[in-house]
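Encoded as structure tokens, the following chain is the form predicted alone, with no partner shown.
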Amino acid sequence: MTPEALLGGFTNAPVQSALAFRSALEALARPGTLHNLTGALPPPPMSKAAGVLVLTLCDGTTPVHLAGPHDCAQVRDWITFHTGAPLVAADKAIFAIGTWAALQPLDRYAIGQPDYPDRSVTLIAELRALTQTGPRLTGPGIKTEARLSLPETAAFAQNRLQFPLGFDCFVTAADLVAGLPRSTKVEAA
């Protein structure tokens, strides 16, 4: 483990994690809304928002999969030191973190079972930018419609067809996060 792995965590964990948890819940409850997540400085290529989600939602019982460039020694050491989360293969993950391209193919992740739909993965997809433009979002938590700069439309539309099974997703860029639960209907702009 490198000395850098010891840095970049919460400085006031009880307060920062409570605020971050509230923002994460708001993001999922109101798909398409953008929320700031700060307080962590994870190693590259992980964004601040993704790092804060990991510190808030993961612990020693939360299997995490790192995809593509995120699967590097610095990120592995940082997550292991700050959360104790075990790093696992994609099919065993509760959380999977990486760029949208690196997270592919999506069929390797758990989508739950009819009697336990909650036994599915939550993706943390890192984007270069995150804006309230792009595909049209409708469904629970959205008054009329919302827009979000998603990396694609087809995978999210297909995911919605599996409901109540499927994956949930946080999309992050820099210190911004938006939630996209499996119940959200996604249509091309």
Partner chain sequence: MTDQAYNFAYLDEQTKRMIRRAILKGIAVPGYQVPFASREMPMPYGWGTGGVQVTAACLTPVDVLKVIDQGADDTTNAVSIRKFFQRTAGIAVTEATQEATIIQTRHRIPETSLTTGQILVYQVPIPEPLRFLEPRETETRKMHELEEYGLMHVKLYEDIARHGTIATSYDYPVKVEGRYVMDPSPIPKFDNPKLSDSPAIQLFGAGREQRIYALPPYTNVVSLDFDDHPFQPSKAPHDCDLCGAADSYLDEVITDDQGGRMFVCSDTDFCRSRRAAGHVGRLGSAAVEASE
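The model shown is predicted, which means the values in this text are computed figures rather than measured ones. Positions refer to the first chain, counted from 1.
Below, we turn to the form predicted in complex with the partner chain, even though it does not appear here.
J.: Only one of 67, 148, 58, 155 comes within 4.5 Å of the partner chain in the model of the complex by heavy atoms, so just point that one out.
T.: Checked against the cut-off, the match is 58.
J.: Non-hydrogen atoms within 4.5 angstroms of the partner chain in the model of the complex: do 15, 21 and 117 all have one?
T.: Checked in the model of the complex: all three residues contact the partner chain.
J.: Closest heavy atom of residue 125 to the partner chain in the model of the complex, within 4.5 Å or not?
T.: No - in the model of the complex, heavy atoms of residue 125 and the partner chain never come within 4.5 Å of each other.
J.: Does the partner chain come within 4.5 Å of any heavy atom of residue 136 in the model of the complex?
T.: No, residue 136 stays farther than 4.5 Å from the partner chain in the model of the complex.
J.: Does residue 182 reach the partner chain in the model of the complex if we count a contact as any heavy atom within 4.5 Å?
T.: Residue-level check for residue 182: yes, a contact with the partner chain.
J.: Residue 142 versus the partner chain, in the model of the complex: is there a non-hydrogen atom within 4.5 Å?
T.: Answer yes; at least one heavy atom of residue 142 falls within 4.5 Å of the partner chain in the model of the complex.
J.: Looking at the partner chain in the model of the complex, which residues in 25-57 have at least one heavy atom within 4.5 Å of it?
T.: Residues within 4.5 Å: 25, 26, 28, 29, 30, 55, 56, 57.
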